[in-house]
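Next up: just one chain, as structure tokens, the form predicted on its own.
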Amino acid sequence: MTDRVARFLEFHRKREYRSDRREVTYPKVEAGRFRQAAADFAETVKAERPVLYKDDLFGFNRSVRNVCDYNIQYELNNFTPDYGWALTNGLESVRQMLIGRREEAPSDRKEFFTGAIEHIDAVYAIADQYREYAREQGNEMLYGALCVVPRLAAADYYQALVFMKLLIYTMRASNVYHVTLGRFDQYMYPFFERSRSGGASREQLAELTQLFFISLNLDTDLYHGVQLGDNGQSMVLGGRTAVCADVYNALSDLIMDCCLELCLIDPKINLRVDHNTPRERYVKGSEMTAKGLGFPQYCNDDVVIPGLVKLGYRYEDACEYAVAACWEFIIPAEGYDIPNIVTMNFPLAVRRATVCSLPQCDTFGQFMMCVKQSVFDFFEQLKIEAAGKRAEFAKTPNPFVSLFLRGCRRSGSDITELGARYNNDGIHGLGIAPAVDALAAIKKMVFDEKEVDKVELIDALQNNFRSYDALRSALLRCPKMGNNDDETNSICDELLNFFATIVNNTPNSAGGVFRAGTGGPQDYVYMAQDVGATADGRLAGQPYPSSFSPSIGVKTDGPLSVIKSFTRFDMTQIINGGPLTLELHSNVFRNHIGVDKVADLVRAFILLKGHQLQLNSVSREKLLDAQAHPEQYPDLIVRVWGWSGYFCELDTAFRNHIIARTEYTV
């Protein structure tokens, strides 16, 4: 780490710059349907003033807390633009192309091209402001870069990074929610190589990369979803393409090293791996986990690529997959899937079947049929909900953003007009483990051992186990998912297989299909709050586990047992995304032997055909102290659901959830 990087990093960690921003009131500007996004962005640009901090080589920092969003009805989200196209062409050639196509377009389509042109002009305006301000401030590097980009193609790695920062700023200030970084090491590699061949050393390139990463963290508090840190700045490294088995390169490795040194929440690293990935790569990933970053998240190409192909993605596109803000698999430049459009609440579906149908069932097989009917009915409701969200989304076109999808560029159509090649919808699978645990308890206590009366169980659930302490204790002692026992594994297989069968490739309202997944972001707290007691012994309102993981407080035989339980199913059928999440006690990483063991554990997960894995290095004692004394832990990073954030900036419910998760030793 150079002195300049160290100074800029310390500047970021003080967070004093957050107090410099102001709130503004924007004039209400009415424009045509396709010009509204450009008009709103232009007002945002007018309100901004250039801000360059000491040691900042990139700029495009927010000086205003709020952006113009009077006309936004449904934000674009989880979007991965075609960055490589912009970096290698520049925006002026695009602008000229749009002018030509507008001339030839029918009258009802001219406004689309006008909207995109006006948006580019507003991008030029903010770029020009920064160029002149950089010159005034003596920042010759940034001034020189902005004399080239964004109008022309980037000539080297630094110019490409400046162009990237501008694009990220532009998208976010255009009310695009969760702009991801995609396969950064692939589209940036030609520029990296150009600078390297021009004489730039690894140390110089690392400094640029680290300064860029720090700059990404300066506005994270303004670009958040449910919680601070949930800002979508996910980056994918490595993996394969349709023509190459492993594209992990020198830039990939440099990025890993840079993140190891910086210890920041952004960019959130996702590492694509498979059965041929060298062990040393897992070791480096485990060293990052040891730092407490909560990443990398591992994505298994051996599972994800064939799973996407089953959903109708072309093989060459499936090989280019990235992740959305958290974990959902998306295709950069080709897809506008909404991978988190609705959520299947499995514990609620099982509870409904229990209360409504259990007394009429003579066998567990009959009861499972009722559970499946409950899941199916839930899905029918979710399809209607998803169609409603798609309809709302269609009301807010954005021609400029649409340019970053190849299908929209070819057809001259907007992202809301389904111009992308893929317009699929993802259904999260929330609370799979507690649902399976409840079913296992019912099978054991009601049908196999006949120790619990059906009506008594329903009464206990409806009364939140009041006066049923003994029954609840018995239910809590029943088999639980995570111990790799045949009973719970077979129930999980049956439930997931049914879910996948009814969901996958079912047509949605956007000309695409639905995709089943194992994720469940913030809903593991929020949706669980409205669900009554369940037959696994869970009390009303208690949270579910995060994503595809054992229930909170469940005792297991260790992380390998958990991995075996959660890799048994054919995960190519549940490929919307949703990782197994394991909390490892920080003592595991006290020496290199522990790091090696974690690397072997991750590799075992991949070889067992798990689809996604994320690890947290935590200490309950430290988390409890941070809960009590947050001012002493401003930079304590944790993995929340599909992203890493600062523990003390989270709401209490999520802090408590992380504290309650099981800590494993290896």
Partner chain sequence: MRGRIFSVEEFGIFDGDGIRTTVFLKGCPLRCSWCHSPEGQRCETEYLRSPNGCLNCGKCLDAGETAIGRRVLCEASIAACPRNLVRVCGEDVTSEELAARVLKNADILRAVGGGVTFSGGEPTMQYDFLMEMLEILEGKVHRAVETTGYIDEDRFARLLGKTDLVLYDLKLMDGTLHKKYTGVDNAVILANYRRMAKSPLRFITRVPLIPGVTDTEENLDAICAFLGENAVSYVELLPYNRLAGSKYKLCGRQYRPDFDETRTVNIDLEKFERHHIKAVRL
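Only a predicted model underlies this, so the values are computations on that prediction, with no experimental measurement involved. Residue numbers count along the first chain shown, from 1.
Another form exists, predicted together with the partner chain; not displayed. Remarks below refer to it.
Figure note: of the listed segments 416 to 424, 448 to 456, 158 to 166, 475 to 483, the one touching the partner chain in the predicted complex, with heavy atoms no more than 4.5 Å away, is 475 to 483. Although the partner is absent here, L560 is a contact residue: one of its heavy atoms lies within 4.5 angstroms of the partner chain in the predicted complex.
Residue contact with the partner chain in the predicted complex: K443 places no heavy atom within 4.5 Å of it. In the predicted complex, E203 stays away from the partner chain, with no heavy atom inside 4.5 Å.
Within this chain, K597 lines the site of the partner chain in the predicted complex, having a heavy atom no more than 4.5 Å away. Contact annotation: of the candidates R131, K564, R151, R240, the single residue with a non-hydrogen atom within 4.5 angstroms of the partner chain in the predicted complex is K564.
Checked against the partner chain in the predicted complex, the candidates L624, V29, L608, V51 yield a single residue with a heavy atom inside 4.5 Å, and that residue is L608. Every residue of the trio L584, I593 and A604 has some heavy atom no more than 4.5 Å from the partner chain in the predicted complex.
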